[in-house]
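For reference, the chain that follows is the form predicted alone, supplied as structure tokens.
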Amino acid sequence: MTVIFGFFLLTLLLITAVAIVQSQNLFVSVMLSGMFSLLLAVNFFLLDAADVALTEAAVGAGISTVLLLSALAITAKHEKAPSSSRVGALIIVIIATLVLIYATLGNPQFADPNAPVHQHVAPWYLDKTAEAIDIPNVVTAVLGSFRGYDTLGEVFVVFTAGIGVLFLLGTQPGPFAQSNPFKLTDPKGLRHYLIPRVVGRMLIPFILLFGLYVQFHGEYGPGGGFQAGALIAAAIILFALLEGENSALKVIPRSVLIGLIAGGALLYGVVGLFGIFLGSNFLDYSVLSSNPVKGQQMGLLIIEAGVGITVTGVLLSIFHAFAARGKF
């Protein structure tokens, strides 16, 4: 039954992707993109990738949809007609699709326990996590401790992307800010709409609470700093849409957002340096406490907090940068 439902979801994903490409109305394309992300998140859950599914739902269907709508506020309503033939692009897409299909023929069967990916380092992670870190969620142990360098690099990628977007957008208004019907920066927000106001005010506390739960429960279940940062940012963005951007900036001013962007990444790096100062290696959390296992747990808690802080700051800063483009 799960396999049949999986094929059904893949069919819906294909139909949605074709509809996104074919639609000339940019607003419709954005809404379809949100639907695509939700379907993809459900598919990840079916594959037992709960952490990835949570990230896809929060970022893909939530944050990305809002940011695309914000970008739509500074551009035209409909896509411009192509000035040249798309035959070349179509040929490239067909060739790439055939290559990908051919490559999948060599993949092991679904859920095969003897697949090479399950016989490499995965058994070592499963055996050593309980001994070295003593947390149930092996994914958090791998990303935060065993592969801490990779996660630190991802944090600085998010940090760099946020700074780059801020440099590119600045605060100058876009050419379509006055005439575009999808403007999201109404100073009064959506307070004059009864249903969004009531539902939104009910949801915001629960979204924030769930975000904090995901942040501090990542050692025991799906979640962590990336997912929690996206959820908390989604709650603040919903507040900005309901009450107006100025109200959201009073809650978390731009100067605080810049501090969050840099502070989270700095916190992660400082934890790594403490390992060196205490006579061990960079990002070795075991020396943070007299008990190496407790030190690992403490280090994971701190670096996950740093990840969540940076992700929250970057996403909110990008949203406000888009929103500011619609102001004069």
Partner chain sequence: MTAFHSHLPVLQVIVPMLTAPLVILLNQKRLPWIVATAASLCAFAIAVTLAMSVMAGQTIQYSLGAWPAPWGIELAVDAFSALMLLVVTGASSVALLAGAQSLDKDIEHHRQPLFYAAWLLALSGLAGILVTADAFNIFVFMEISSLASYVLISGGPDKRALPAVFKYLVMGTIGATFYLIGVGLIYMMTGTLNLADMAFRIEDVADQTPILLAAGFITIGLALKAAIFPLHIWLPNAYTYAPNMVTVFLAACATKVAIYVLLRFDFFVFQPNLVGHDFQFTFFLLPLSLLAILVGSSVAIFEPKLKRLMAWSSVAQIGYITLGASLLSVSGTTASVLHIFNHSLAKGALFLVMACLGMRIAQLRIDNIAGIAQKMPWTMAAFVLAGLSLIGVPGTAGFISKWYLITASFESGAMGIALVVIILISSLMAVVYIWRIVESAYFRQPEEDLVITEAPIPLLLMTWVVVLMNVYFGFAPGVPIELATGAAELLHGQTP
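Every value quoted in this text rests on a predicted model; they were computed, and no experiment measured them. Positions refer to the first chain, counted from 1.
FYI, the form predicted in complex with its partner chain isn't displayed, but the following is about it.
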| item | value |
| --- | --- |
| Contacting member of 276, 35, 293, 301, with respect to its partner chain in the predicted complex [4.5 Å, heavy atom] | 276 |
| Its partner chain contact at residue 209 in the predicted complex, heavy atom, 4.5 Å | no |
| Contact test in the predicted complex: residue 254 vs its partner chain, heavy atoms, 4.5 Å | no |
| Exercise: residue 246 in contact with its partner chain in the predicted complex, heavy atom 4.5 Å | no |
| Its partner chain contact at residue 205 in the predicted complex, heavy atom, 4.5 Å | no |
| Its partner chain in the predicted complex - contacting residues of 110 to 138, heavy atom within 4.5 Å | 116, 117, 120, 121, 124, 125, 128, 132 |
